[in-house]
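Just one chain follows, in the form predicted alone, and it is written as structure tokens.
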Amino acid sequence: MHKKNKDSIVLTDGSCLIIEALARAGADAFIGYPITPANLLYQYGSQRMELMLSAPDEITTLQWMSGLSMTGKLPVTATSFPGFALMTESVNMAYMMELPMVIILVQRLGPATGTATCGAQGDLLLLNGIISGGHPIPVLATSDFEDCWVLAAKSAEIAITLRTPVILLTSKEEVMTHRSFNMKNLSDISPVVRKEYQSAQKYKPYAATNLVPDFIPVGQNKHQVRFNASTHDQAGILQHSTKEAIDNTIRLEEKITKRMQEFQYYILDEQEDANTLLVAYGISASAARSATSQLREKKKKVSLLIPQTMLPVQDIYLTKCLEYQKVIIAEESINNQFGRILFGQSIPDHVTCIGSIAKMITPEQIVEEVYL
């Protein structure tokens, strides 16, 4: 899908839309190790990106991506939990070194290798604590084909703007299901402009402006460039616990929590006088949308919230959940992961979760819960 025909309906899938959107946004390398159910992303990435490297394993994948990111590339990979588990240390390394990259995480049933061909929404709590020290990592979640297009491009924009790894969270059904889709629904995407250091002054690779350091790739001859995955000062020199080095580590936290306020994405469809709020993300949002329509046809007033920026959690999600008398969170897990992120272990009495394992939640389940 190298050209977008706005006058035609095509048969496509979420994987194709995600890869195409990333390529148009400036992603120029796909590094991967094939894993079900992310195989279509691997296939399309190998066809669409300027550079494709087939890694021998997932650890190597992230190491190669880090090296490419240092040279000014915006690398992409796609995996599922077993592969992502092997990437964890290197994700932390890239986070500390402030290397832009996009990791597409296709959720499937766990724990461990689980069932490779069975979808799930079980990785959100994992992502909420994946960075050692509890620092947040940006996570966006797709809920339909439009999201696959728009949020993939936004993932690239966040990665470059904030110099950070970004995780695009999706699931088996979202990236493997083929269906007819009208291409005119898609917006245009332009390449993300990378801000590079232009001064003639000595370059300090971790001296930040608005919490984000300017970038210079390795391989150029104007400035010395250092990348450091250990605690370091603004010059990138290894430090133990000097004030400058610790301030730099604190900045990593503030960079995401403060600058991600520029990237708050969600869908809020509020109905006047409604006292019930449906909350769903990812694949479960489709059932929530359908349930909302069914309930309104029956003159039952409900509102709908679909989070798209999952982490760091946006304040409006909690605010809206506290405004309604009844909140129903639909999620393809059995332990209410999004609810626990919002409220901790003490989930309020007015909040209930419709969970599921090894099968998608249906609109009828949500409708039934509303009437209880």
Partner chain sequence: MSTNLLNTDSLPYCKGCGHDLIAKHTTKALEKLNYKALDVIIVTDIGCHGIIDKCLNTHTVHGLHGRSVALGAGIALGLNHPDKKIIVFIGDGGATIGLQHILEAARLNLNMTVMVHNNMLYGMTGGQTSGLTPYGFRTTTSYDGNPFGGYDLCGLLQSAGSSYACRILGIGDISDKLAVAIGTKGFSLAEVIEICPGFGMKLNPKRKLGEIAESSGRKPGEWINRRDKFEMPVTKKTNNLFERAPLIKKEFTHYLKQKTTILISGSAGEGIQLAATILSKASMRSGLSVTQKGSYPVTVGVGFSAAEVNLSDKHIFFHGITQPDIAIITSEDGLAYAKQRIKQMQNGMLIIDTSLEKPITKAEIVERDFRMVGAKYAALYAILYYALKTGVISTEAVFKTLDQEGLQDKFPLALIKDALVK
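Bear in mind the structure is a predicted one, so any value in this text is a computation, not a measurement. Positions refer to the first chain, counted from 1.
Below, we turn to the form predicted together with the partner chain, even though it does not appear here.
Comment: the partner chain is not present in this chain, but in the predicted complex one of L109, M176, A245, A207 has a heavy atom within 4.5 Å of it, namely M176. Checking S293, N275, S132, S190 against the partner chain in the predicted complex, a heavy atom within 4.5 Å turns up for just one residue: S293. Partner contact region in the predicted complex: 70-78, out of 153-161, 246-254, 70-78, 120-128, criterion any non-hydrogen atom within 4.5 Å of the partner chain. Contact with the partner chain in the predicted complex, defined as a heavy atom within 4.5 Å, is made by none of Q201, M310 and S356. Residue contact with the partner chain in the predicted complex: A287 places a heavy atom within 4.5 Å of it. For the chain shown alone, Q63 is a contact residue for the partner chain in the predicted complex, at least one non-hydrogen atom being within 4.5 angstroms. Heavy atoms of K320 never reach within 4.5 Å of the partner chain in the predicted complex, leaving it off the interface. By the criterion of a heavy atom within 4.5 Å, A25 is excluded from the residues contacting the partner chain in the predicted complex. Contacts between stretch 207-244 and the partner chain, counted in the predicted complex as any heavy atom lying within 4.5 Å, involve V218, G219, Q220, N221, K222, H223, Q224, V225, R226, F227, N228, A229, S230, I237, L238, listed in sequence order.
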